[in-house]
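Take a look at this one chain, the form predicted alone, written out in structure tokens.
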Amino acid sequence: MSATMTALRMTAGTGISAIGRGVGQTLAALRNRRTGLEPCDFAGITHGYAGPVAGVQAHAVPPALAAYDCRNNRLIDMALRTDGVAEAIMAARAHYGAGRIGVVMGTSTSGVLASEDAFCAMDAQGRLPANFDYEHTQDLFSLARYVRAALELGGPALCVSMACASSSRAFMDAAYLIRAGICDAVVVGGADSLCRMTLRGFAALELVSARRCRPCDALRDGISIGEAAGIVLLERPDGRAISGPSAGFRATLLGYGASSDGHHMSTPHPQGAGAALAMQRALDSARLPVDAIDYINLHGTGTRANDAMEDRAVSTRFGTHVPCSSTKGWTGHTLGACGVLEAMICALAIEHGFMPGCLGVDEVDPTFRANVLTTNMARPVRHVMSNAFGFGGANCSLIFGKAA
């Protein structure tokens, strides 16, 4: 799935993860090669490493939105209050009108931790706590409803749940709303928070590493799970110009591509057929040749199968020369939020002319053909591709470029 598109402006944005809150802290951690992964100690689970966000437990949502209070919505609220994002969106609302700004969020688990806690507190008669509010917490639409309510927007709102491709696909759906003339701007992003289901579920699949994840390493043995949230204001190309705290995040969405290979519920197609197709469709959408891509932000989870598949797909489409790396050694795999978080990292790479090499790699897998970076590289960056691949064969590739 792809379509030739006109570049859309990313005029404000932020991300929060285990390596910091906002553009400045994230950039510093990437430059200093400082990981946010620490031994897991969440809800009684102590296996492997995890990437929690500092301060989320103590963060409070506004009293008027107390019904939405859960870890996932606290994360997105923290993002809204970082790097001047909410102020930039308020300026856009004043310019376009509340009804012309949409909301598209991506998440894989939403506020499932609230349901887990409720079931842990169930009484002897099997009754859940009276204050448990499924609709405003775990329900998949909760995230989009929260953002729309917090920003007082009136445009269309939806949540995308396509496992680890969720917030990458959210960019595509946001672009459709603008290209169709339904919206002048869209608040696009996502959040996924730590919970028992993902920590225990991935461990049950034997996909969690006992040490910090090391994507592309010859001895990689699994993922580290993180949490994150991110927000980007996507505007039509002839939209207003902004200035202020978020102006440093500016970039453009040049193209996108998606595919669904349906190879297996939890295992990628071994030859990367669907992933390669998504990347080619993104190039077609952006009207760019292969050699225009300066850097590829890999999905790169650290599992044997995922990284090998992605190497085959990347080397099939791009050969062996385009620098590529995964940033999950910093943040962990943030599941449905990785697309928007890594969009911010791509924007930083373009703005500051650097490519973050994989963390924790002693030796790149000798079977790999792609040009995997293991140290940071300083070089002008014009165009970046970012990949996200989800369970069930959901593949999504985005291409970002420098703002004019």
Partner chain sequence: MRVWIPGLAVLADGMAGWEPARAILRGEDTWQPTPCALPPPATLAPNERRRTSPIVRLAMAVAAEACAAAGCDPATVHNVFGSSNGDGRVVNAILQALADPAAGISPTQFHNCVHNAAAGYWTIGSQSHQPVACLGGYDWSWGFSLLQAAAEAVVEGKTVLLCVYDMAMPMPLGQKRATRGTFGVGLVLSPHPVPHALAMLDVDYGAEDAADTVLTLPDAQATTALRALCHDNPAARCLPLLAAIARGGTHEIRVAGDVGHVALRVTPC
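Positions refer to the first chain, counted from 1. Model, not experiment: these values are computed from the prediction.
Below: the form predicted in complex with its partner chain, not depicted.
Undergrad: Spell out, yes or no, whether the shortest heavy atom distance between residue 212 and its partner chain in the predicted bound form is within 4.5 Å.
TA: Heavy-atom contact with its partner chain at 4.5 Å: absent for residue 212.
Undergrad: Would residue 284 sit within 4.5 Å of its partner chain in the predicted bound form, counting heavy atoms only?
TA: Residue 284: no contact with its partner chain in the predicted bound form.
Undergrad: Taking heavy atoms and a 4.5 Å cut-off, does residue 23 contact its partner chain in the predicted bound form?
TA: Taking the distances in the predicted bound form, the answer for residue 23 is no, it never comes within 4.5 Å of its partner chain.
Undergrad: Considering non-hydrogen atoms and a 4.5 Å limit, does its partner chain approach residue 155 in the predicted bound form?
TA: Because a heavy atom of residue 155 falls inside 4.5 Å of its partner chain in the predicted bound form, the answer is yes.
Undergrad: Within 4.5 Å, heavy atoms only, which of 236, 95, 145, 250 is in contact with its partner chain in the predicted bound form?
TA: If I apply the 4.5 Å criterion carefully, the residue I get is 145.
Undergrad: Just one of 87, 294, 221, 139 has a heavy atom within 4.5 Å of its partner chain in the predicted bound form. Which one?
TA: Only one listed residue qualifies here, and that residue is 139.
Undergrad: Mind checking whether each of 173, 177 and 262 has a heavy atom within 4.5 Å of its partner chain in the predicted bound form?
TA: Result yes, every residue of the spot touches its partner chain.
Undergrad: Which one of these stretches, 69-77, 286-294, 304-312, 117-125, sits within 4.5 Å of its partner chain in the predicted bound form when only heavy atoms are counted?
TA: Correct option: 117-125.
Undergrad: Do any residues of 373-402 have a non-hydrogen atom within 4.5 angstroms of its partner chain in the predicted bound form? If so, which ones, in sequence order?
TA: Heavy-atom contacts within 4.5 Å come from 391, 392, 394.
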